[in-house]
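In the block that follows, a single chain appears as structure tokens, in the form predicted alone.
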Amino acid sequence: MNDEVAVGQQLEREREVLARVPRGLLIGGQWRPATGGRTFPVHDPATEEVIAEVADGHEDDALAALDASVGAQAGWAETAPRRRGEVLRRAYELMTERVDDLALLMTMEMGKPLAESKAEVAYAADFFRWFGEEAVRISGDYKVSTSGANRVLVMRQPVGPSLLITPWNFPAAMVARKVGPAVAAGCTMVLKPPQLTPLSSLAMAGILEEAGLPPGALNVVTTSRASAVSGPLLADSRLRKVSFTGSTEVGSMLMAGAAAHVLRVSLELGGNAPFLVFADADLDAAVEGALTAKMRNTGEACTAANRFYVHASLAQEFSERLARAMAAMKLGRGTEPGVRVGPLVDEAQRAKVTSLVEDAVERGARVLCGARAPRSRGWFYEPTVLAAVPEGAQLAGEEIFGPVAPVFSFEDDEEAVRLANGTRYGLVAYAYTRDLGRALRVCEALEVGMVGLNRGLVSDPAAPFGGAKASGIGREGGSVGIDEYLEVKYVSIDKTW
């Protein structure tokens, strides 16, 4: 098969996958256009081409979605836990069966390499499987009061209609991580997908419909104006919860808006993850872990290693080895063979990364590889390693969200922990050491919600995901993830009744 035929077949498959994705709003079990027929474009970041037009919802659409959610709440809450779990299990099976199509769709709208897209689809599906199993494990309590005069009954019930706002960087996983526990708990939902990558959300909504989720349980409003959807919903007293993943700045605004009706709030916000390499670390493992922690999703992840703190005795060797490994990673469109680094999501993100690197270099950082945008179509930026980065560089305090690894050095454990904690963020940290005592001390001292100990990946559906400080409130995943969608009710029962 010649290259021209292969390209033609690839384009035909892409058209077929795109054709199967709904483009409208899902409200009350019906796919419909936005009020006034408004749409907005979705781009392929590797080519800058428009690949789809989707419905551009506004206030009227948002309130219609909430109407449907409120109308379906009582019936969905009364649905047997086993039935709710079966819906999620079926959704898991359907996603697993369609992993190739869903992965291709994700690569087209977000840019990540196809292998990473497949891994994300599997990860997302696992949230449906996990919470399908948790649906039947919602427990309560019954006991004799301390006085013996009455009985104490504790039950856990659905919070109610929930607004779920997901980010563009993991367009399938973040939907599943919010929708899964909401479905399991018996909450109805209004989902606002990201403007940049809405297609995966729409495809997953179709799968949940097919899996048996009843009309009104999940409503989806895509929009190019997030506040036009979130604002009216936060102002409506019928909404009972908001769950958001995104920047700390937007999370703070949503938290303020949620205060008027004292909504339950779950926020997974920004990160500035330190990656600590101590003098006794296995350097091979540390470099491999650094590649995972930095380059997953082309660095566009809240869990991405943002600051590499390496003991002074290892800093030069670590930097050089990391640079060789990152420079060897093939850059290109995620559908091309061998590509390991895709484009950034849009021009604004590339401009931010470029600015941060230029600032560090102007302050004295040394470029070991990369530090430039290739002269081609698409929003690409080369994998970059910077050595001897000064603490005053902007990227020491800001989330990079790109394939850039700045390396700093430290002299002792206390300095390493102080530098790692020297940020308002506290989502995740990584630490490499072969000393058990040091590992425990460091893990306890780090002001974060998660630690990767001798491991560059922390995400796991069976583990609680979330941060400390300005990185958020609440946890997603694990046995506690469903708690975010449940209210605790206490009933005092008279013994003589």
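Note that the coordinates shown come from a computational prediction; the quantities given were computed from them, not determined experimentally. Start at 1 with the first residue shown and count on from there.
Beyond what is shown, the protein has a form predicted together with a small molecule; the following relates to that form.
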So in the model of the complex, does N169 come within 4.5 Å of the small molecule, heavy atom to heavy atom? yes
How about Y432: is it within 4.5 Å of the small molecule in the model of the complex, going by heavy atoms? no
Would you check, heavy atoms only and a 4.5 Å threshold, whether S247 touches the small molecule in the model of the complex? yes
Should C302 be classed as touching the small molecule in the model of the complex when contacts are defined as heavy atoms within 4.5 Å? yes
Using a 4.5 Å heavy atom cut-off, which of 71-79, 394-402, 257-265, 97-105 contacts the small molecule in the model of the complex? 394-402
The one residue among T423, T384, S230, S201 placing a heavy atom within 4.5 Å of the small molecule in the model of the complex is S230
So which of M253, V154, A285, A149 gets a non-hydrogen atom within 4.5 Å of the small molecule in the model of the complex? M253
